[in-house]
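Next up: a single chain in structure tokens, the form predicted on its own.
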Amino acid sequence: MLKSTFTPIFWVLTPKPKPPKLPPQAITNTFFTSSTTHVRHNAPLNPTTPPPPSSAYIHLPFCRKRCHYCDFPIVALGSASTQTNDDPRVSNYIHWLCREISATNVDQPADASTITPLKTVYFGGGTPSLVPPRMVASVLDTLRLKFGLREDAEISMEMDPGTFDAEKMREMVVLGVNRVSLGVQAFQEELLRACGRAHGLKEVHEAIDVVKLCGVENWSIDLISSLPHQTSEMWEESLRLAIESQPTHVSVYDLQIEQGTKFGRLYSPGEFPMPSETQSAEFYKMASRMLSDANYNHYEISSYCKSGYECKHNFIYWKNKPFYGFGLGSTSFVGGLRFSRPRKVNDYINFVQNLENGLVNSSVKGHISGKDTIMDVVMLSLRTAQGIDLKSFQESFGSSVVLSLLEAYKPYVESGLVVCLDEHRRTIRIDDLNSSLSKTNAEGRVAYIRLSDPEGFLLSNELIALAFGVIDSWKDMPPYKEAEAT
């Protein structure tokens, strides 16, 4: 099941995408004056010369109130807060956020003409749409001055119903925001109240109308399944109304009960009023069926889109490419290191001051573990419909690892949970796979491994954990080899 005990580096299916959750064995501490920040050693498929980041995640932590399922680092402004122009908590945070961006060390190439400006910027939270446009403009200006920003960059913003009107939406569009992720979560008033959402159904429909009115073509609706007291009829209605709203993208997250949240205190997974694992699986299958029937491509475990409307920023994560992270609790991945910021505002301010004073060292020396790297690639790739590109995988890690994975997955290919594809993405029959394995040249015949939709995706945690077991059993990983950039 999607919500089993295995915890991936990024997110399983949580109400919003989270920064990476890192395996304990791969975490190293680096100490600052007043806080401890986690550094994770790993690398993309091209480990010796990782490219500079071309994407930035910006955490804007403000919410009107904390939802009952949320364990993100946020600042609750009050349930009635929608006008934040003069709120010192907001302006002060933006001030320190811009200082962090400006103080960040950047390895500039000798040839200035080769500098790559940012291709994607993602404003996550929190509820970024609570932040006044002029303050969003200051963040974008700081990014542009520090890194450069392509004119055609994808600039995404998470927005919640009830936190913006047409005037604010138009101002955001003028600033360059060209992709909106609308946090609807459910189309039932009772479920929104049960989740502790600050908006109701009326605000949901108003927000959808505003997004369309302002001409935002690239926009997503976020939905949550497996909520307490949620029935299959409710879930079907939410999916139907989402489809009728005609977004170009839909994200479907399976609720995770997190410790320390209100839901964590009230409910236990699988126990009434929470859906059973069987019911959660049916919710997932229903989403896959209904959205596919409506011509949405299921391109990642929790993501569906019309053709050409994949989230470019999220692909950076799934392809294990480097990215900057700025703001409270955010994580960056630069130079083969994952580096997380403090989750509390005062600690974050101290962190920025230390960064400006040269007291923060994110370049901790150490050996980049081959096992950690290969686990990252497997886990992130198997979240997507493309799956693992075995050509790049073999160039980086060797043919023995490829054969070991194919051997481990062979029973699941037979059961239909794992799919092997050739270079033309045609399915390879199990007889052909067995023949290839017997000749020890499967890596030349099988070009991709992916999980089936929806059955394989439903068991993604177990299937990825199986690969982890195979990788972890290796006493000596093969040496890195330079992989072609893809």
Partner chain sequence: MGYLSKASKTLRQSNYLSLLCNSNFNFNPLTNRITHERFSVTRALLCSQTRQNSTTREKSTIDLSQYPKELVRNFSIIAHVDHGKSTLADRLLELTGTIKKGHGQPQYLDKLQVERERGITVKAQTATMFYKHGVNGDDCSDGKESPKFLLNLIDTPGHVDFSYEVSRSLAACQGVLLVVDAAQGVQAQTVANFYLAFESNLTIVPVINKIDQPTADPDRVKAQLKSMFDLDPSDVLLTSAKTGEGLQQILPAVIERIPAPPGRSDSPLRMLLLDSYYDEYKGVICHVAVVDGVLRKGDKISSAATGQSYEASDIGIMHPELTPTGILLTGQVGYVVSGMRSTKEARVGDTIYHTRSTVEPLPGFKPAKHMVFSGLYPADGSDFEALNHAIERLTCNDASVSIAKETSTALGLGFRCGFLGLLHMDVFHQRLEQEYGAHVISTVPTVPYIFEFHDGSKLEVQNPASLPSNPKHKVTACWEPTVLATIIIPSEYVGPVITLVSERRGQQLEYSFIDSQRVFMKYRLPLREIVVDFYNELKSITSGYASFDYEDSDYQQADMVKLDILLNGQPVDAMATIVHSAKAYRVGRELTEKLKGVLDRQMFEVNIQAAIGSKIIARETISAMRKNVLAKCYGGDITRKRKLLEKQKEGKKRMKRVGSVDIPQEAFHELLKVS
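Treat the numbers as computed from the prediction; the structure is a model and nothing was measured. Positions refer to the first chain, counted from 1.
Heads up, the form predicted together with the partner chain isn't pictured, but that's what we're talking about next.
Asker: Any of the heavy atoms of residue 459 lying within 4.5 Å of the partner chain in the predicted complex?
Answerer: Answer yes; at least one heavy atom of residue 459 falls within 4.5 Å of the partner chain in the predicted complex.
Asker: Considering only heavy atoms, tell me if residue 417 and the partner chain come within 4.5 Å of each other in the predicted complex.
Answerer: Residue 417 belongs to the contact set for the partner chain.
Asker: Give a yes/no on whether residue 197 approaches the partner chain to within 4.5 Å in the predicted complex, heavy atoms considered.
Answerer: No - in the predicted complex, heavy atoms of residue 197 and the partner chain never come within 4.5 Å of each other.
Asker: Does any part of residue 301 reach within 4.5 Å of the partner chain in the predicted complex? Heavy atoms only, please.
Answerer: The answer is yes: residue 301 has a heavy atom within 4.5 Å of the partner chain.
Asker: Which listed residue (238, 156, 226, 396) meets the criterion of a heavy atom within 4.5 Å of the partner chain in the predicted complex?
Answerer: Of the listed residues, the single hit is 226.
Asker: So which of 147, 323, 219, 296 reaches within 4.5 angstroms of the partner chain in the predicted complex, heavy atom to heavy atom?
Answerer: Going through each option in turn, the one that passes is 323.
Asker: Thinking of 372, 379 and 383 as one candidate spot, does the partner chain come within 4.5 Å of a heavy atom in every one of them in the predicted complex?
Answerer: All of them do, each having a heavy atom within 4.5 Å of the partner.
Asker: Thinking of the partner chain in the predicted complex, which stretch from 279 to 287, 97 to 105, 168 to 176, 348 to 356 has heavy atoms inside 4.5 Å of it?
Answerer: Residues of 279 to 287 come within 4.5 Å of the partner.
Asker: Taking heavy atoms and a 4.5 Å limit, what residues of 310 to 333 are near the partner chain in the predicted complex?
Answerer: Residues within 4.5 Å: 317, 323, 331.
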